[in-house]
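Take a look at this one chain, the form predicted alone, written out in structure tokens.
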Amino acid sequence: MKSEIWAIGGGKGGTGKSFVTSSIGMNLAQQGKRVTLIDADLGGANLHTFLRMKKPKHSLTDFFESKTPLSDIIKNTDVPNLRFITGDVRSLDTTGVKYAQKLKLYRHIRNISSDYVLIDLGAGSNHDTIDSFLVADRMIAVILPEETSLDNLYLFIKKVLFRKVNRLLGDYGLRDIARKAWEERNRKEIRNIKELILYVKNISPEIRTLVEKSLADFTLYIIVNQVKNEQHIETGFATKSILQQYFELDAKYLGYIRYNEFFWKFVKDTNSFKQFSPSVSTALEIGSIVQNLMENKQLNLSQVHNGI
């Protein structure tokens, strides 16, 4: 049985993606699931810090440059059932990972002997990050309850959708349709990604069927990190509504993680962080998020009002 892949992204740096990835991975491993974490931040890998590990000697650089099998660079962690691959690329030009190389990597990831593979994505919305996001069975966005984080998420999703539709059309020899339509958006009166997708759908019944089928299973899972009050918690519901209204996406609000001042203090000091353990409340919040992911459920207002 192939691994189920969860990708954790969202566009903006500093939202706590690595912390969320490692915490979800540890929770799954403690449940007896076989888990492999992959730091896919090519050039800025830091997931090993959250696992209280030294940076491994071998990384995805060896996979790309030396054709080292992925199985040879997977490292055990101190947590039973939890393994790790670092994405630190020492000498490879991170903008030069060819699509064929990425496809090979994704095939190998899918065949990793684990129940779950969690991919920790870097900040930004380059093609490497977007392609890794799109390969996942669960696409998870970690956001902060602040305007810049939300703006970055919306930009990230626009690019993800454009990339998804463009690659789909490319598979049928129609690669330039979406790109040219967007370049001529003023003349064609296309104001946003939603209208671009509608324009592409209207080209022909065949294309409409292809696009609708491709987007039918596109679900975005939202986690709000570092919440301080109920208004921050509501950010997740508002984000979900906007994604549904303006992008016509299926979005699920998995849950939130409360602000912990001690956590951010320790994150800035690697040596101190090695002694840090999440609070009981944080562990419960992570547990609730993992349960929702596994059962394809989401947070609801009654749970919030009940203090969950």
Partner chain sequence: MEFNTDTLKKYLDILDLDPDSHPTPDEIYRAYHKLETFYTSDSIVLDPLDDELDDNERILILQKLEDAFHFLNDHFKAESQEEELLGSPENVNIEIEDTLVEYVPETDWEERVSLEDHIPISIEQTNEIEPEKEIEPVITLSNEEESENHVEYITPPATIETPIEIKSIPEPPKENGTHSLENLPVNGLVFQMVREKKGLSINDLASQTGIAERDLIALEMEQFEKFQEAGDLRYFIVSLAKALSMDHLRAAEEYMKRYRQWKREHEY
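Quick caveat: nothing in here was measured; it's all calculated off a predicted structure. Numbering follows the first chain given and starts at 1.
The same protein also has a form predicted in complex with its partner chain, omitted here; what follows describes it.
The chain is drawn here without its partner chain; in the predicted complex, the stretch among 103-111, 74-82, 122-130, 140-148 whose residues come within 4.5 Å of it by any heavy atom is 140-148. Using a 4.5 angstroms threshold between heavy atoms, D217 stays clear of its partner chain in the predicted complex. Contact annotation: K159 falls outside 4.5 Å of its partner chain in the predicted complex, judged by heavy atom distances.
Shown alone here, Q245 lies within 4.5 Å of its partner chain in the predicted complex, counting heavy atoms only. Using a 4.5 Å cutoff between non-hydrogen atoms, D115 does not count as a contact of its partner chain in the predicted complex. The partner is absent here; in the predicted complex, the one residue of T282, N27, N46, T239 having a heavy atom within 4.5 Å of its partner chain is T239. Scanning 195-213 for heavy atoms within 4.5 Å of its partner chain in the predicted complex gives E195, L198, Y199, N202, I203, P205, E206, R208 in sequence order.
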